[in-house]
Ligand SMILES: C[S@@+](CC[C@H](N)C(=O)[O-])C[C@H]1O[C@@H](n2cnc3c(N)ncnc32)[C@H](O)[C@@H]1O
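Shown below, as structure tokens, is a lone chain in the form predicted alone; questions about how it binds or moves come after it.
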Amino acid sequence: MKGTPLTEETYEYIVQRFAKKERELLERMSARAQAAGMPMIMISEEQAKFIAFFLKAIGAKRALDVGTLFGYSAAIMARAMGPGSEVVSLEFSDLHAKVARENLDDLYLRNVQIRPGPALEAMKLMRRESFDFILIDADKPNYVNYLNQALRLIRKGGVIAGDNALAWGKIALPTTGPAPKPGEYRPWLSPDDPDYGTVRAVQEFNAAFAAEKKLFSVIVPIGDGMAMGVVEK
């Protein structure tokens, strides 16, 4: 049996009963980002609550956030893991890192370390098996590269997660092969589609994620989908 479709009404039901604090936090943090002209790209409120729930369930104390933006996911993880924990958050843009730091300072979250610059280069310099949880939510063309580094950095029994695993609902569309003929209806993602490159990148990431023998993996259909894998080294 297929899952229950998530309507706007059902989504609001979930948020109002289970993720109100996550929505309030998002509204608070996104206000500064909007004032700075930043894009509103982040995990959704119910994804935030799920990540917090998950981190508490596994007793995580050290997490890596690949893609800071204005700091929402980092704040969620820092709050969930609590005192004595650490979140390392990687952000390419100096502006985004600055806004995130201001947001986190405003929340008195001192257990988040923001590292500006290319995330892949930062990951290559980190020590092996140093994280309990790694969230990948950055530039899609590098997703497979981030996964390869995450496999080196995660401890045995730790979890790697990749956001946007459903690629805005386009993940199952063919991106190769001949285009449909005029008048022929056949699902297909045209190279002219603005999401073509990122969808292809997510498809490659999902394929690598599913094939990775070190991972016991699944896609959780929450938000735009999260690929999640427990590391079995």
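Counting begins at 1, following the sequence as shown. Just so it is clear, the structure is predicted and the values come from calculations on it, not from any experiment.
Separately, the form predicted together with this ligand exists; it is not shown, and the next lines address it.
Stretch-level contact check against this ligand in the predicted bound form with heavy atoms at 4.5 Å: of 187 to 195, 169 to 177, 200 to 208, 63 to 71, the positive one is 63 to 71.
With a 4.5 Å cutoff on heavy atoms, I41 counts as touching this ligand in the predicted bound form. The shortest heavy atom separation between H96 and this ligand in the predicted bound form is within 4.5 Å. Among heavy atoms of D137, some come within 4.5 Å of this ligand in the predicted bound form. Contact between G117 and this ligand in the predicted bound form is found at the 4.5 Å heavy atom cutoff. Proximity to this ligand in the predicted bound form, defined as a heavy atom within 4.5 Å, singles out one entry of V159, L90, A150, V112, which is L90.
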